[in-house]
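Quick setup: one chain, the form predicted alone, written in structure tokens, and binding and motion questions come after.
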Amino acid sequence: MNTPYIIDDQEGGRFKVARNTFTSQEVFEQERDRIFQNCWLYLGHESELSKPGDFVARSVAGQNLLFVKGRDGVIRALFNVCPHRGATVCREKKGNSKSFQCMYHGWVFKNTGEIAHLSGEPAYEDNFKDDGNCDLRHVPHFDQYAGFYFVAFKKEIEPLADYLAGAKEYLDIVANQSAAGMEIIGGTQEYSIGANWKLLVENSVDGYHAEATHATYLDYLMNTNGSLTATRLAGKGHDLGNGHAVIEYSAPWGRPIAQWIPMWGETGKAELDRVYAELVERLGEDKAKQMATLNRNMIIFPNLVINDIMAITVRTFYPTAPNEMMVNGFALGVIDESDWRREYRLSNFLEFIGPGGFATPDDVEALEQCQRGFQSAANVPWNDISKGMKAKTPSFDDEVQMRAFWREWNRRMTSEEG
């Protein structure tokens, strides 16, 4: 009998993950088909395409896609692949264009995907273009929720709204922080990590590691005048279904949505009081309080992380090898916020969440140390994710959120459907 990927002993309160799931070439190759070809995957945010002609070229699960708003105002997901010989059509990462020209033989496509100019057309049959044969191909499934756009490559797949399950409630909390909407701020932060991609899933929703791994940041805050309130770290973990999960918790740091800290002064207090009053009027007292004062770290299976903490980051990542991943990160903010709020939002983002902040280098070091440790997997074969397994109400620093991910991962990797 083959060694299982996980041991899920609910009666005994033990949950183990085999370390070869982080190192195996066979698992890596199976994940391409069983996970990334069979799930809804994040492509981009609506704010990245504000005008007709705006486009973003992005790689999703190793496939080159164009996320584009056509001249008709419709947002589409197209394979960024020439139907003629397969060359990448658009080689710019983002911009605004009425058309895209393939550099190989000069075929030109409208920003709706239709062929606009077929080089050497007289040499083709008269009806050669009529059946769409020369157009850029549409991704099989493309949908959005709360401004977050997803694609799916599988022919038969459940609707996005069903797939997202309980994650929709928390996407709404992020998307409704302003009546004017949310926007991606600036460009993409791209970096690689020498570790398996599932380690970053775990790390992104891990409320257990902060005190040890991020001690430097916590010391910095405690020694910076006015950067903390008396609020203590406390909260819960939630399994949201379909492998999605979130931890939601109070924390002492400032949040630009509406949790003030003394460092931000009376001007800041007055502004955040106005923001909070607007939230109460629009959403009610309970939802406003949840939105303003609680932090959220969420994983949407398999690889979309949205962390709404001292700032908001949207992060997605793909494996390039069993021990390596590429990460794309984005800052998300409120469209109509003041210069003062935007400055502190970005300051918080860069200080902790950004690639050069306090958190990411610490986390990268921890993940790469785990990957090195997995070289001993033949003799030390199991990771433990049992914390809080028998708790009636899992704490934010328990591990229910990781178990939710792993159960779904294991289901997809071992099902007969493939």
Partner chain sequence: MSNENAMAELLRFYRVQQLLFKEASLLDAWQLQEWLALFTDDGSYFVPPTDVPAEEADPAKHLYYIADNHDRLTERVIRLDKKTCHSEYPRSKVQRLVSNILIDDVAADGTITVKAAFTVYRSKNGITDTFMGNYVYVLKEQGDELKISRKTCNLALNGLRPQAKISIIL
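This one's a predicted model, so the numbers in the text were calculated from it and none came from an experiment. Residue numbers count along the first chain shown, from 1.
Separately, the form predicted together with its partner chain exists; it is not shown, and the next lines address it.
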Taking its partner chain as it sits in the predicted complex, is residue 374 near enough to touch it, meaning that at least one heavy atom pair lies within 4.5 angstroms?
no
Taking heavy atoms only, is residue 216 within 4.5 angstroms of its partner chain in the predicted complex?
yes
Next on the checklist: Under a 4.5 Å heavy atom criterion, is residue 242 part of the interface with its partner chain in the predicted complex?
Outcome noted: no
**Study point:** Partner proximity in the predicted complex: residue 106 to its partner chain, non-hydrogen atom cutoff 4.5 Å
**Key:** no
Only hit among 358, 42, 28, 36 for heavy atom within 4.5 Å of its partner chain in the predicted complex is 358
If we test each of 262, 187, 181, 140 for a heavy atom within 4.5 Å of its partner chain in the predicted complex, the one that passes is 187
Of the candidate stretches 321-329, 130-138, 265-273, 106-114, the one with residues having heavy atoms within 4.5 Å of its partner chain in the predicted complex is 321-329
Applying a 4.5 angstroms cut-off on non-hydrogen atoms, the residues of 366-405 near its partner chain in the predicted complex are 368, 369, 372
